[in-house]
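This document opens with one chain alone, in structure tokens, the form predicted on its own.
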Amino acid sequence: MIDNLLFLAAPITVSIILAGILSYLGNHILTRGIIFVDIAVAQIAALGTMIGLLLGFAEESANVKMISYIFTIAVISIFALTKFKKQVISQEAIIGIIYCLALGTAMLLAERIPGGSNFISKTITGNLLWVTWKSVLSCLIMFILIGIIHVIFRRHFIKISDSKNGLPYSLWKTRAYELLFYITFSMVIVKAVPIGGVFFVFTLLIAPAAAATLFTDSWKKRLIWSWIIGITGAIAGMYLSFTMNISNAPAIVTLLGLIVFLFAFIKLATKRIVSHNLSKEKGS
């Protein structure tokens, strides 16, 4: 039992760390209405990695990681700079085009790389169970630094998120803050996807924020509840995967998905009860 817990200590720890940062970012992404941006970023990162593999570098090498980060930041910078006063093409549409373009190109490159199709599969499944303490520490350090940036600029990021397609500042000032937000966001996604996979990252990003949004509009309360739901779901999912001998990332994804639907049901039931009681009071 102790040996199993020690083996799961690193996956549990990194899941908690990822739940913390992704639940926070998810509130921004959900408010902005660009739900699938993380999948697009993940695919861009995968394409950057495949370019590095095509150039002859090893998959886990620093060169491949650097190429992936540079490529991802370059593409997402273009996305951040496509915010206009009058948005002719929605950013969600741009996200979809970027994703399809990156996926199509990656599939073409996969034909030229030995084991290329296996690498594409790994971006979906991740490698959560075999994460090392070195990876956990590097995640923690990176996310703390990114967290400091978001604390410093939090009011600007929140103001832009609340405005959705609007421009709370001048065009180029808004774009500058957007650029900073999306660069830090991309760095988190590029770091998280190889560990947990696309679906794991997407669920931790959106599910806790969606569940919290059902009950409050306050940014502070949403962030607190997102952290509670995300971290609790990650730990509970890991426990279920251990006790039931099932895959850990899918267990966390399934559990958090069910939590969102459960919260939605509670919200709907509560609303109907309140509405029914008000009707009775008016009738009496």
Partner chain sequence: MTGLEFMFAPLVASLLLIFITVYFGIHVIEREIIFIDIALAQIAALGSAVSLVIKNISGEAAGHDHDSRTLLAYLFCVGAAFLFTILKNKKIRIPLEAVIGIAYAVATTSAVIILDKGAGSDVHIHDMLTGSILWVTWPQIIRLSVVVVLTGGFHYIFRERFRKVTLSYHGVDTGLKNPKLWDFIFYMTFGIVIVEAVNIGGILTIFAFLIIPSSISALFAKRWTTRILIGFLVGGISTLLGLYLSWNMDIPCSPAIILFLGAGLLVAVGLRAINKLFSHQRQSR
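As the structure is a computational prediction, the values presented were derived from the model and not from experiment. Residue numbers count along the first chain shown, from 1.
The following text describes the form predicted in complex with its partner chain, which does not appear among the structures shown.
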| property | result |
| --- | --- |
| 4.5 angstroms heavy atom contact with its partner chain in the predicted bound form for residue 254 | yes |
| Contact label in the predicted bound form: residue 100 to its partner chain, heavy atom within 4.5 Å | yes |
| Any non-hydrogen atom of residue 247 within 4.5 angstroms of its partner chain in the predicted bound form | yes |
| Contact test in the predicted bound form: residue 115 vs its partner chain, heavy atoms, 4.5 Å | no |
| Options 44 to 52, 211 to 219, 225 to 233, 58 to 66; stretch whose heavy atom lies within 4.5 Å of its partner chain in the predicted bound form | 211 to 219 |
| Single option in 73, 80, 139, 206 placed near its partner chain in the predicted bound form, where near means a heavy atom within 4.5 Å | 206 |
| Joint contact, 162, 167 and 243 to its partner chain in the predicted bound form, by non-hydrogen atom at 4.5 Å | no |
| Residues in 93 to 109 with any heavy atom within 4.5 Å of its partner chain in the predicted bound form | 93, 95, 96, 97, 99, 100, 101, 103, 104, 105, 107, 108 |
